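Heads up, the chain below is alone and in the form predicted on its own; it's given as C-alpha cells.
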Amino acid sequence: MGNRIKEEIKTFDDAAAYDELMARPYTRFLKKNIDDYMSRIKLKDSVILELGCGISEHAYRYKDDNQVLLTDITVSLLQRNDPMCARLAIDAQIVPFKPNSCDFIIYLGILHHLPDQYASLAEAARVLKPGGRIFIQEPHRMSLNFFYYYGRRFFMKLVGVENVKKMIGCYSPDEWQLDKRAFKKVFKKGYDIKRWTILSFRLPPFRFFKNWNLDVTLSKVFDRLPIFKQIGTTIFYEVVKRK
C-alpha cells in the first residue's frame, strides 16, 4: 500500500474531524444538491456501487428495491454505514467485479483523493452495464478553487502541514482535483456526458468558521449569476454508457 493511501486512511480514521467536515454549512449545501439529483434517478432491481463512500448519505435511498454496494478503503468509516447495504473494503482504483455488472456507479468527492484517477475511472467504465450511468462530483479547478488550493499549498509550506491540519481539520495534504485528461481518455467514445456546476462557496476552511452560515448565503446569491453556471466551485458529471 502506497504512502498516499496510508495518509488518506489515517486522515479519515479521525472520526471527530470527519463528522465536523460533514456537518459544515457548505458541505450540507452541497449534499442537498446531490440529494436533489439522486431523487430524480429511479431504479429497480439494479446494482448500485458507491466508490469511496465514507459514511454514505445518498445511496441508501435505493436499498429497498436494489442491491447497494458501499465501498471504502477506510474500514472505520465503512463500518458506520447502513448494515442493510453490502459493505466492502476495497481500493477504488481496483474494482473486483465482473465486466458489465453495475447499473449505477457513484463517486462523491473521492477521485481527487486517488493517486491514479485513470485506473479508477477505467475500472468503473469496465464494470458499468450498457445503459448504465456514472455520477461524479468533484471540486472544480477552473473556479475560486484555483486560489483555494494553491493558497493552501503555499500556507502548508509557510507554517507546516501539521499546523495546517490543526487549523483546517479533516483533509489530506496531497489531495488535488479531477484529472480531466484521464476523464476524457476513459470516456472518449461510447458515452453520453452531461456536465454542470454549482457554486458551493466556502469561507477559508479554518475551524472557527465551522458554524457560520455565511458561505451558504453567499452560495445561493452567487449561484444565481449566469457566469457561475460554468465556473461554479463544484463540478458534476453524469456519464451514460451507450447500449
Ligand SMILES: C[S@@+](CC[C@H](N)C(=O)[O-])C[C@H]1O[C@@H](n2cnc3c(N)ncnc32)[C@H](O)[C@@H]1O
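Numbering starts at 1 and runs along the sequence shown. This is a predicted model, so every value here is computed, not measured.
Although it is not shown, the form predicted together with the named molecule is what the next lines describe.
Note on the interface: of 191-199, 49-57, 35-43, 178-186, the segment with non-hydrogen atoms within 4.5 angstroms of the named molecule in the predicted bound form is 49-57.
Proximity of Asp103 to the named molecule in the predicted bound form: non-hydrogen atoms within 4.5 Å are absent; the residue sits far from the partner. Shown alone here, His113 lies within 4.5 Å of the named molecule in the predicted bound form, counting heavy atoms only.
The named molecule in the predicted bound form is not approached by Ala125, whose heavy atoms all lie more than 4.5 angstroms from it. The named molecule is not drawn, but in the predicted bound form it has no heavy atom within 4.5 Å of Ala86. Taking a 4.5 Å heavy atom cutoff to the named molecule in the predicted bound form, the contacting residues in 80-94 are Ile90, Asp91, Ala92, Gln93.
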